[in-house]
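Shown here is one chain on its own, the form predicted on its own, set out as structure tokens.
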Amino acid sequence: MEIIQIVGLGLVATVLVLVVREQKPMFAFLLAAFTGLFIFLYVIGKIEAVITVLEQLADRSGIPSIYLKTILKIIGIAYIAEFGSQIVRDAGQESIASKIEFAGKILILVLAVPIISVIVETVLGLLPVGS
């Protein structure tokens, strides 16, 4: 039960942050940021198994690997943007956090354009011609 360890680490770090915040707010922020980074790096390793399964499914279904890689990049951008904005939000910089989220959304949109165009072309190819 890895989630129990992660929640336990989060709770201990939260108590430490609350204790340290009164005396040294910068250390409290660093403690929160490193805890978040540790948890992020711990769980990011679990994604490799999911990616392997998705690649196998894409190979069996005949989906070109470029589309799967693009979707995985989109998911990665979403996770990293969310993680970064949460750390910045923890530091009390709501405005910068919003900008990070906005940048993530723009990058996701840019990566999604080729997939959207293929979907539209596929749908147009299914429609009857001439009417």
Partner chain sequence: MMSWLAVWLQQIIAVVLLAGFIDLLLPNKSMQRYVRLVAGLIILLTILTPIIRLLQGDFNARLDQQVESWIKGNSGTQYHMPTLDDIKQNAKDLQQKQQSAAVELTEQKLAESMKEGIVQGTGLRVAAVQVKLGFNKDGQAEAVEGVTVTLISPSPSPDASEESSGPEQKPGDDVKEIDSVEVIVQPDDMPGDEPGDSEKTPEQTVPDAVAQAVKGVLQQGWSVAPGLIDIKAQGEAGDSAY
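Keep in mind that what you see is a predicted model, and the values were worked out from it rather than measured. Residue numbers count along the first chain shown, from 1.
If you look for the form predicted together with the partner chain, you will not find it shown, but the lines that follow are about it.
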_To verify the annotation, which of these, 39, 31, 88, 81, has a non-hydrogen atom within 4.5 Å of the partner chain in the predicted bound form?_
81
*Find out whether any non-hydrogen atom of residue 14 is located within 4.5 angstroms of the partner chain in the predicted bound form, and reply yes or no.*
no
*Wondering, does residue 20 line up within 4.5 Å of the partner chain in the predicted bound form on heavy atoms?*
no
*asked:* Would you classify residue 114 as touching the partner chain in the predicted bound form, given a 4.5 Å non-hydrogen atom cut-off?
replied: yes
*Is residue 57 a contact residue for the partner chain in the predicted bound form, using a 4.5 Å heavy atom cut-off?*
yes
*What residues of 100-116, in sequence order, lie within 4.5 Å of the partner chain in the predicted bound form by heavy atom?*
101, 104, 105, 108, 109, 110, 112, 113, 114, 115, 116
